[in-house]
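Presented as structure tokens, the chain that follows is alone, the form predicted alone.
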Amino acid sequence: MNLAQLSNAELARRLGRAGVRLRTGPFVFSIRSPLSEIHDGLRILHADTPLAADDEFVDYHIAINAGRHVRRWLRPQACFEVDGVEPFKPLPRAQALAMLEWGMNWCITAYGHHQLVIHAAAVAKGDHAAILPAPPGSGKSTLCAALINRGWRLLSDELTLISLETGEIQPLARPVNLKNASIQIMRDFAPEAIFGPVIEDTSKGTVGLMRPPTASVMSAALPAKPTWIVLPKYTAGAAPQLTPMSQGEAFLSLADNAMNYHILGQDGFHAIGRLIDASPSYRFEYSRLDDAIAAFDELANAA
């Protein structure tokens, strides 16, 4: 059963009481909130997300509540809580939906140390996956969104999860976080894609969350094999170009983007080493999305 199968009344009841339990990738989140922004946002963005059973173990108990005292009415705020703790300062209530998604990511990076967590997008064709680590502003999420609207499977937009036992990518198919000009670029590029409300004036600028493809969510239990590491960079007017990277350069790039590398220690070192040994690494410069997709399709066909 997925979230879309709940009536509005039942979704509101669960959000207001024990929480609606979402199974996203290897995690179960229980979410409570009286805010309409959360109710409506979940309905749009997580329609295909499966529901966990009432007796399943919950990894994170989350609540998004209205601000306290005067902040309920004057410049209203939203507060994020996980397992009874508020790790962040409140945000404007209009940003509650983004706060939920960012907070879910924070929970995984703060506590999910049974796997390597890399700040990177990941997409797959068949069983073969590309990991896309890159700093903000590189065009990573835009490229990821374009690929998953042209036949690639979404594994993750923000956090790539690597099993320490198998080295495989554990899918985490959640909404894609697009910012500023990328929002309209993707609306034009993939008019069939479904977006939540545009959220303005956040710390990241204007944010638009895009619903993950149904097929990606339904395949969230199927791991994928890391096959390429590609560091994308959008450059206006640039022709698409894949440039091989040395293993040392690729290792440092992944280590820099690994959220828990310093915590995992030797396990993290070996996990990245196995990734580098098994996956050719490239820098990728692009400007046109169609050209970028053609380059990735060529990689997939060669594999």
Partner chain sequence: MPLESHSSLVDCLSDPAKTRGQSAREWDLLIRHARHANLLARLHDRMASVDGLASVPEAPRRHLIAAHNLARRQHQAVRHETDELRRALQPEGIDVILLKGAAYVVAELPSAAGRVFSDIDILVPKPQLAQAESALMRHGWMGAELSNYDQRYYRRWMHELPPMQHMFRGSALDVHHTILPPTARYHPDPASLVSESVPVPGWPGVRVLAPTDMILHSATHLFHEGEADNALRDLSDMDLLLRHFSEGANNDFWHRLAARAREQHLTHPLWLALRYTQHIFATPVPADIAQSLASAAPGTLRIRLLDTMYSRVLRPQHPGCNDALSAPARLALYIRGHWLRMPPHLLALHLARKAITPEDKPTTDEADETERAA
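Just so we're clear, the structure is a prediction, and the values are computed from it rather than from any experiment. Residue numbers count along the first chain shown, from 1.
Just so it is clear, the following notes concern the form predicted in complex with the partner chain, a form of the same protein that is not shown.
Looking at H113, you'd find a heavy atom of it within 4.5 angstroms of the partner chain in the predicted bound form. Residue contact check for P87: one or more of its heavy atoms lie within 4.5 Å of the partner chain in the predicted bound form. Although the partner is absent here, E56 lies within 4.5 Å of the partner chain in the predicted bound form, judged by heavy atoms. In the predicted bound form, no heavy atom of A278 sits within 4.5 Å of the partner chain.
Of the candidate stretches 43-51, 264-272, 230-238, 243-251, only 264-272 has residues with heavy atoms within 4.5 Å of the partner chain in the predicted bound form. With the partner omitted here, the residue from D127, E200, E168, D83 that has a non-hydrogen atom within 4.5 angstroms of the partner chain in the predicted bound form is D83. The contact with the partner chain in the predicted bound form, taken as any heavy atom within 4.5 Å, belongs to L164 out of I185, A94, A221, L164.
Taking the partner from elsewhere, every residue among H61, H119 and N257 has a non-hydrogen atom within 4.5 angstroms of the partner chain in the predicted bound form. Shown without its partner, the chain has R21, P26, F27 in segment 18-32 as residues with a non-hydrogen atom within 4.5 angstroms of the partner chain in the predicted bound form.
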